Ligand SMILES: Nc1ncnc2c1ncn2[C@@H]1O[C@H](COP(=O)(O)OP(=O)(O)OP(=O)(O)O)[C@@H](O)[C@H]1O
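Take a look at this single chain in C-alpha cells; it is the form predicted alone.
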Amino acid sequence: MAKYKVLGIADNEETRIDLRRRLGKEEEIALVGFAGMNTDVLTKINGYAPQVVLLVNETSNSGVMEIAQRIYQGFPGIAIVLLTQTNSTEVLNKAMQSGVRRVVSIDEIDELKNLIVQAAIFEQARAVETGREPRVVSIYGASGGSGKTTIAVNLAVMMAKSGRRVALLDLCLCYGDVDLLLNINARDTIIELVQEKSTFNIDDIKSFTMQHSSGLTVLCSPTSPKYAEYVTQNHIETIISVMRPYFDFIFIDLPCDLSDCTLTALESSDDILLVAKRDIPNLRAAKAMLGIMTTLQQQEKIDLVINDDGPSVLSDADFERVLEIPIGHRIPEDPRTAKKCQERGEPFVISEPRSSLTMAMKRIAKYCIRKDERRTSN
C-alpha cells in the first residue's frame, strides 16, 4: 500500500512524541520527520519532499498562518493540515485564506490519520488539474499604440478555446482596455482584490475575476487611474505566484512604462513578447527596454513581435541590427479587421477565424506551446 509522506511542524517535544506514537505505525502514513515553527521549515520541505505538512498550533502563534501561506504558494501539491486547540470561525477563516486544506481540533485527534489521508488525496487532485508546468507570458508594447493589448487578448482567447486553462491579467493599471476588447462588464477588478484582501489564496483571486465565453479567466484593471497607486509590486508578485499552479498559461498585458509593478511582472514571467511597430519611436523605446532587461538579466526571455501597419523607412534588418535580436513573429497589416473587432468587443480569433491576423495568432500560440513542451520534456 502506498504511503503519504508527512512532515510535522511543532516546537513542543511532547507533542512530537505524541504524534510519533499516533502516526508512526499507520499503514497509509510515513512520518518522515519534524521541523520547528520557523522559516527554516521551507528548507526542510525541500529536503523531505512530503505530500502533507502537519502544522501544530498550540499557543495561538500568529506566525503559523504566515508559514502556511508560504508553503501553499511555494509548494503546489503539498496538503497543509492544521492541528489546533480550537477550530473557531476566526481560526477557520484565517486558515482558509492561508491555503490550509484541513483544520483539526484536539478533540478530533483520534481522526487525525484519516483526515491527513483525505487532505493528501484532495491536494493531489488539485496539483494535477493543469496537467503540465504553468507558463507566464507578458506582452509588452515598446511604445503607445503598438497593438500589444489586441495581441494579448486574442492570444489568450485562442489558447482558452483550445481547452487549456488560461488567465489574462490586465496590469495597465491606469488605462486598461482588456474589458472593452472582450466586451465584459468588470464588476470587480484588481483594485477591489488588493483593498479587500490583505492575503490571497486562489479562491480569493477567482472571486474577483471575470469569465469570458471562451473560457478565459480575466482579472481586469482598475476602473479609474486614481486607483492605480494602490496596487504594489508585492501585490503583483503574490497574485502571479498564487495563480501559477492553477493555469496552463497566464498572459499579462503590460503598460509601456517600466514601473516597479511592470518590472516585477516581467521578472516573474517565463516569456516576454516585445511588440513594436516599424518606426523610429518604437525602435528607440524597444532599445531602451532591452537595455534594462539586459541589466536585469532577463533578455533571454524576450521574443520580438513586429506589428506591421504599412510602409516604413526602417527595414527588418534595421530593427534586428539596432536591437541585436531577430524578429521572432510578425503581425500582418489588417486595420479593417482589427478596428471592427475592437469596436464590437469581439476578438478576431473568434469572429474572423480565417483572417490573416488569426493565422498570425495561431503561429504565436503554437510557438508558446512548443516552448512549454520543450521545457516540460527537459
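For every residue, the number given is its place in the sequence shown, counted from 1. Please read these numbers as outputs of a predicted model, since none were measured by experiment.
Just so you know, the form predicted in complex with the named molecule exists too; it's not on screen, but the next bit is about it.
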query = Of the residues Leu357, Leu23, Cys368, Ala10, which one places a heavy atom within 4.5 Å of the named molecule in the predicted bound form?
reply = Leu357
remark   = Answer key, the named molecule contact in the predicted bound form at 4.5 Å (heavy atoms) among Thr217, Ser98, Ser269, Thr149: the residue is Thr149
message = At 4.5 Å by heavy atoms, is each residue in Gly145, Ala338 and Gln342 next to the named molecule in the predicted bound form?
response = yes
message = So in the predicted bound form, is the named molecule close enough to Gly47 to count as touching (4.5 Å, heavy atoms)?
response = no
message = in the predicted bound form, does Gly328 come within 4.5 Å of the named molecule, counting heavy atoms only?
response = no
key: Proximity of Gly33 to the named molecule in the predicted bound form, heavy atoms at 4.5 Å   = no
message = At 4.5 Å between heavy atoms, is Glu58 in contact with the named molecule in the predicted bound form?
response = no
note = For the named molecule in the predicted bound form, the stretch among 305 to 313, 50 to 58, 25 to 33, 318 to 326 with residues bearing a heavy atom within 4.5 Å is 305 to 313
